[in-house]
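To begin, one chain is listed below as structure tokens, in the form predicted alone.
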Amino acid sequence: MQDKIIVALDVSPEKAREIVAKTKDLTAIYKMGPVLWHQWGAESLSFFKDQGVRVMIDFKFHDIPSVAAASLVCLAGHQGSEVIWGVTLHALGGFSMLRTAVIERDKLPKDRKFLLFGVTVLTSMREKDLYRVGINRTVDAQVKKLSMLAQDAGLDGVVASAKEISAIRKVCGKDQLVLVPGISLDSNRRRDLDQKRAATPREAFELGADHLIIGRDIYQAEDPRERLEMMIEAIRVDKILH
């Protein structure tokens, strides 16, 4: 299932081209955030189109409803935007922002539409981090709250760690897609970095993830293709996913 693993490209354009060239037969979706976009810009979309792959735009839009919606329209207006598979918004932007984004997305031409995902709690955060910004809930409770909000607004799914998948399923069912970042073959190592709620690929899929977002474990590897192949082998995609 080539669309189950999303490779994050928080790298230079040169490195991104190299990784895509080496791995595009193993995965169908790449994630582009501000790091790559600010170096490459919208012209990168044409590259991905030529390579026959899709792109997830991870900007985590969080603004007043009209600005967030206008930003999506601008994205869809770029040449090559038909390769955009999904876009992230921060669920903390609130119901009005999320709902307005869905409404504007739905007005786009069919070939320019993309999925919308609500980012719940960043995998770098724990309860103490939520408390420091005034949120007196556990991570599970906050993720559940924001997942329900995203579903009520009409988003296609959410981004959360593997640890909260069960909680999301309890309140949102199986229709809400769950994208899981913070993935590493050695999740204990990732917990020592800035991913506090990490998981291995197999753990995430067994817990019910729909898609995995894998970045540093691949793009920092000496051989990104070999590392991705190891990921696929570790989860035995053909046996876990049908």
Ligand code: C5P
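Residue positions are given as counts along the sequence shown, with the first one as 1. Quick caveat: nothing in here was measured; it's all calculated off a predicted structure.
Not pictured, yet referred to below: the form predicted in complex with cytidine-5'-monophosphate.
The single contact residue among A101, V121, A162, V87, judged by any heavy atom lying within 4.5 Å of cytidine-5'-monophosphate in the predicted complex, is V121.
Of the residues given (R216, H62, K49, R202), R216 alone sits with a heavy atom within 4.5 Å of cytidine-5'-monophosphate in the predicted complex.
Remark: R54 does not count among the residues lining cytidine-5'-monophosphate in the predicted complex, judged by a heavy atom distance of 4.5 Å or less. cytidine-5'-monophosphate is not shown here, and in the predicted complex it never comes within 4.5 Å of any heavy atom of I235. Of the candidate stretches 79 to 87, 92 to 100, 136 to 144, 113 to 121, only 113 to 121 has residues with heavy atoms within 4.5 Å of cytidine-5'-monophosphate in the predicted complex.
Residues of 5 to 38 lying near cytidine-5'-monophosphate in the predicted complex, listed in sequence order, are A8, D10, K31, the criterion being any heavy atom within 4.5 Å.
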